[in-house]
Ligand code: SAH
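Below, in structure tokens: the form predicted alone, a single chain.
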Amino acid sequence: MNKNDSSIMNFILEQNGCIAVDEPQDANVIIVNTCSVRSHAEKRALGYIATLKNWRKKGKRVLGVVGCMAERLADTLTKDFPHVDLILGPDSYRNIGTYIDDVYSRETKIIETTLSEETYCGIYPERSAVSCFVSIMRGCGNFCSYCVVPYVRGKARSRPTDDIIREIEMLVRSGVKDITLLGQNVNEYSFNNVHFADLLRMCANIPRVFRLRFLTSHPKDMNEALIKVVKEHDTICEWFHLPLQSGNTRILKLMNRQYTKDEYLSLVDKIKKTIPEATITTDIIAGFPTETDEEFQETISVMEKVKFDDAYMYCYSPREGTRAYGYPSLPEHIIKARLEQLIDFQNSVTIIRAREMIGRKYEVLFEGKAKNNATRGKTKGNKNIIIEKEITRGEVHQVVIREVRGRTPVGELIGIEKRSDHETCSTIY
């Protein structure tokens, strides 16, 4: 979401006459876009902001801090970082160019953190990347007990359907091939009786759309209609990111996740039966308050049953203002030990899943360079693939996997499918 917001701000700033530079020391405006999901992210941002004090002193310059941390810690930033000129919450980017002009002309500081109905409708950043995000909604109203997002990004609101379609059409014309529909919970998308499965079908039917993904889904709102749409459209990638967070029903209730362990496993079973080749990834929190050893082992048990292709795993991070902030925390050494166990287990499964790819053929969209003149690409199932050959970014190749190095499948070209507006061709090597 922050990457997408940075694209929006960059577009607005360029429309206001700003020119992007490659090095911070060459800039006279620096905008630090921040995250508040975990305390580690805030600490890193605060540390970086502190290092910009000397940069700010050199000439007439503007330092802005924006995003979730700016929304949450505006008072702290004002008090402890007087070299910050501009503090904007996630709904205040539309006027960022005007605010910077005001800081320059009036030599003042500006703070704007009002949450609103903003969806940045009508703003279509120009992008030349192979893959990009398209935000379909903002905010969240689920209030998971550990999560600060509803407090710093406001309530869930959906972007107009026709506005989403126009942006995707523009991206396709500019050559973008891999588009991810983005939201805190895309499954809750609803605008004028168009729900997420409807939107996904409409986007898949846009002419010349090559690949379509969505992120992130909440298990409580994933349904058979959505799974069916993915199965029916070759354009939609068979990758489901379904945050589990915990494999124990009591902890899930304490987290206010609104599903049980059995309901989660039933959902995964439906996906695998409908789309056997589906890739399923997840998020898991280690050491949620009051979690017992037996309850933690239930999470490991769910991981054993599902065999996730990959997982993002984190220590529980207390967030002030959330319901879980008042829960009694577990000792830090227990939290870290559980995280290590999660990581060790998932790494072993990820390697097994990667080795299962050996000998199989995949359509790979190549996105950029890798080490030693190799090239990195992605399958429809969101698996990173390495080819030991320089390949033009944006090309689509048929690849067979020959080996796995560490966790990464390494492939060999067996053909190329170059897809353009006018032709499809195949070459066998």
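Computed from a predicted model, the values in this text were never measured in an experiment. Numbering starts at 1 and follows the sequence shown.
Although not depicted, the form predicted together with the named molecule is the subject of the following passage.
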The named molecule contact at residue 159 in the predicted bound form, heavy atom, 4.5 Å: no
Contact of residue 346 with the named molecule in the predicted bound form (heavy atom, 4.5 Å): no
Exercise: residue 296 in contact with the named molecule in the predicted bound form, heavy atom 4.5 Å: no
is_contact(residue 302, the named molecule) in the predicted bound form, heavy atom dist at most 4.5 Å: no
Contact test, all of 212, 274 and 380, partner the named molecule in the predicted bound form, heavy atom 4.5 Å: no
Among 357-365, 34-42, 394-402, 58-66, the region lying within 4.5 Å of the named molecule in the predicted bound form by heavy atom distance: 34-42
Single option in 177, 319, 72, 338 placed near the named molecule in the predicted bound form, where near means a heavy atom within 4.5 Å: 319
The single option of 169, 163, 263, 283 touching the named molecule in the predicted bound form, heavy atom within 4.5 Å: 283
Sequence-ordered residues of 182-198 touching the named molecule in the predicted bound form, heavy atom within 4.5 Å: 184
